[in-house]
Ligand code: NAD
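Heads up, the chain below is alone and in the form predicted on its own; it's given as structure tokens.
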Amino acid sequence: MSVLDDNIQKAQGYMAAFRDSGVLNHIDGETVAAISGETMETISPVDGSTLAPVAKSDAGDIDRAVAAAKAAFPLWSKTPGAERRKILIKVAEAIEARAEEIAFTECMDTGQALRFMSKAALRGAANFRFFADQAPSAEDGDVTRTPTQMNTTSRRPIGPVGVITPWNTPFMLSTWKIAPALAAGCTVVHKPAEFSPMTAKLLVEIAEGAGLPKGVLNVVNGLGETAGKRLTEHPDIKAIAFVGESRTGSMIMKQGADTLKRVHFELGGKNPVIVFEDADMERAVDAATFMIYSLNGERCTSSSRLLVHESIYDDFTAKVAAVAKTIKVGHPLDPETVVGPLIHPVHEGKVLSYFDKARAAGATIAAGGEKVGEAGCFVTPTLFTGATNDMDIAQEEIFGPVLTAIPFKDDEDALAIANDTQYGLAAYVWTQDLDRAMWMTDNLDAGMMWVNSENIRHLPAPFGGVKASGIGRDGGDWSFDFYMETVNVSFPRAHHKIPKLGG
């Protein structure tokens, strides 16, 4: 039996429980169907087969979950941070113990390759460990003094919060939002993406098995226009953390406006990787190809625009094309696979449509540009050359293994092209010139920038974008700023003269 056959057999074992019972909601410690009894399907992007029925919830299910989160909030919010830390560390340990199950489930539900998803559970556990360690000090603030007053600041958990997560790497991204919320003392209603809901069920079961009290984390499956809309409008939900498309973020902001709901958005990107003529070409090629062709190109920080100095443009893009043509496309559970199937036929259709758009606009398809096979949602790693920044392929987030290469003349031209987009999430700069690197990073419209590097995350550092790429920052203490309210209490240090009014 091959490694792939063995992995498929293991995956079938992990998926059996989902096939038998479906992907149900988890509310107040109980696994429950939607009140209506309705279901939808989650399908395998490998062959289009049904993986499991999924609860198709509506407003009533959200109301039930919010009521559970609201009831659990007083006790959880007053649980000492040191106690919350112990529980969340146990959650991290339980995630690690079931890392293979999480990875295999994620591969089958999303199409992401095992070589990347094998690390997703460990990243999720790392998120829980990091924020668990911050829980004991999350409420701490500052003390400032005047001759007559002492002001003390502290933070309090904001209340029940809603977390809406996307279909790409859903387990890791769910922990990225849920772990700091729980560490802060908030309770959570989580609505996973309808395309990839399976590991959300695993997370809540793991968390409660590790000691998280019932009602603190609740999961409700459903569509954005029904379940999601009710969550964003619910008056008892104090904040919404959302990861997804910019257009959806705008809708959520409108839906939460009547209740003055706090929002945190991690949205789309059309991130430039800018390669100057003095760059280390081999390392830059490796970084550029890794950041667009790993994870199927389905991540917000992918380097989907390749800006290259005109003097090295032909040579550099030829090297990128050569890499793209050698990348293995295949079954996500094959250890050799780099690019698996895209998440869903709807998304595959969107990605495929850009091949015709590229040709119509006059760009060249230097590599890829094809669907692979008849079954499943497989697409070749693709490189567009001869592009200009006004083309749709340079302006719109394709969210697949598709890279658009654009030449530039000088530093000012590179900056102008890089900033000429509605997005501003990440940027990557390749140069040996320190002055140039400083000037570029001082002027790029991006929330995060890496110099001579691919995206390497540091959990204490802030994560987030500008313009249409988001609002707010995750990571380190920035996460607690979102999930907690800062309050100030003033104490007298000495008597002071109080103004008198009237007789």
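When you see a residue number, it is the position in the sequence shown, counting from 1. The model shown is predicted, which means the values in this text are computed figures rather than measured ones.
Missing here is the form predicted together with this ligand; even so, the following discussion is about that form.
- Of the candidate stretches 333 to 341, 263 to 271, 75 to 83, 124 to 132, only 263 to 271 has residues with heavy atoms within 4.5 Å of this ligand in the model of the complex.
- Of the heavy atoms in residue 185, none are within 4.5 Å of this ligand in the model of the complex.
- This ligand is not shown here, and in the model of the complex it never comes within 4.5 Å of any heavy atom of residue 106.
- Although the partner is absent here, residue 425 lies within 4.5 Å of this ligand in the model of the complex, judged by heavy atoms.
- Taking the partner from the other structure, this ligand in the model of the complex has no heavy atom within 4.5 Å of any heavy atom of residue 289.
- The contact residue chosen from 193, 202, 363, 138 relative to this ligand in the model of the complex is 193, the criterion being a non-hydrogen atom within 4.5 angstroms.
- Of the residues 399, 355, 293, 116, just one reaches this ligand in the model of the complex with a heavy atom at 4.5 Å or closer; this is 399.
- Every residue in the set 224, 245 and 248 has a non-hydrogen atom no more than 4.5 Å from this ligand in the model of the complex.
- Contact residues in stretch 297 to 325 (any heavy atom within 4.5 Å of this ligand, taken in the model of the complex) are limited to 300.
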